[in-house]
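In structure tokens, one chain follows: the form predicted on its own.
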Amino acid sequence: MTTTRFAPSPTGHIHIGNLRTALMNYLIARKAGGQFILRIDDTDPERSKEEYVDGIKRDLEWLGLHWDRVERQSERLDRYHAAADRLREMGRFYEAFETPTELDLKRKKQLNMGRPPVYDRAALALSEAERDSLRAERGAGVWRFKLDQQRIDWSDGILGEISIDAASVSDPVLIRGDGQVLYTLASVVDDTEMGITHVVRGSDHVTNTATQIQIIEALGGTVPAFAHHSLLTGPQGEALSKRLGTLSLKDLRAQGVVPMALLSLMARLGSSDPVELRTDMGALIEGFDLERFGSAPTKFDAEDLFPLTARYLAGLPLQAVADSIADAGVPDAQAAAFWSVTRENITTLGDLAGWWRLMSEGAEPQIDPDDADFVAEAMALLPEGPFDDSTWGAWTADVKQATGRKGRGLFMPLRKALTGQAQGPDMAALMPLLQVVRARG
């Protein structure tokens, strides 16, 4: 069975970069009729917060990315330590005691000599007495996995054939000196024991994948099919990493972005297929093809989400937005007419309140000085309300006859005088909803 996972750390809110990983793994599982696991990477007790666990679940539920089960790494620490013991027994795990300063000096020396800045495995030469002495002096060391210094090859689902020389990579630290199990080990154990068949993640994990493949093989596991998607940049190609905090799903939701707009964009962004608005998850799943994605950095512009949101909202029936219309203050009796008029003229549901204020309280008229006399004459011809769907046509016909104006010179000044805007709904449909016309008189 195809089984994928999304493994966020509960140290903050899910941002747009996290979503890309979650969505791809979700779509792969659902398209194959498999399982999608939400795996909370909470092995860091100081940084992991329960409020973020709740936030992750809330964001995924909002998007409709429903998981089949939840796993928490903090509840599996015994499995990681058991794996560590096995690695020790086979001579693939060793304790190292260098301080960060010492490691930095080693890296600089290697770079100056034109060598790759990788850990020199000095700890392997320590005697038991020397290790005891260092423990007494510095405390427990870190535990490193001893790589086989040979090429590590795999066929990547996006990047193609990958080959990395393990001799150019440092032996990875899997357990810190304070005993905290790191992601590299925890992920391998979980992927193996949970039967993960496919792993999609960012291209910044490529080297990490190489080391994990050797750890999986050492522990007798089956290597999943790996794929590494491109990293997101800003719209001008700038690094997005510093802005990710402002691109959380929580913030995008607060700005009025709808789930299907976000999912439609992210399911195609970086692929050779055009972005197409989908209105249901089934269509999104059916149209997803991992092989269509490329390795080049992918430009993301949050502004692209709003036209998609507007198109999605315009296609919704009244009952789907009834609560939002009521929240905007629109009486039930006028809800249908209000939605008919505004549905093509909003970007987010948050715009509904502004349209109702215009209709119920009136708008500040926008009158060009050259049109002031014309508007005053036209307003004198405006009949008393309430208006109906024939009011606009009858009124503009009277104004045309009285002033001789026609076309844009007739209609635009009157629209701006009544609504304060140069664009908006069809005025014939809008007039019956206008309750106050402040420009008259």
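Note that residue numbering follows the sequence shown and begins at 1. Quick caveat: nothing in here was measured; it's all calculated off a predicted structure.
Keep in mind that the form predicted in complex with a small molecule is missing from the display, and what follows is about it.
The small molecule is not shown here, and in the predicted bound form it never comes within 4.5 Å of any heavy atom of Asp59. At the 4.5 Å threshold, heavy atoms of Trp339 stay clear of the small molecule in the predicted bound form, well away from it. Interface membership of Tyr183, defined by any non-hydrogen atom within 4.5 Å of the small molecule in the predicted bound form, is confirmed.
Contact annotation: Arg343 falls outside 4.5 Å of the small molecule in the predicted bound form, judged by heavy atom distances. Note on the interface: of 101 to 109, 199 to 207, 351 to 359, 247 to 255, the segment with non-hydrogen atoms within 4.5 angstroms of the small molecule in the predicted bound form is 199 to 207.
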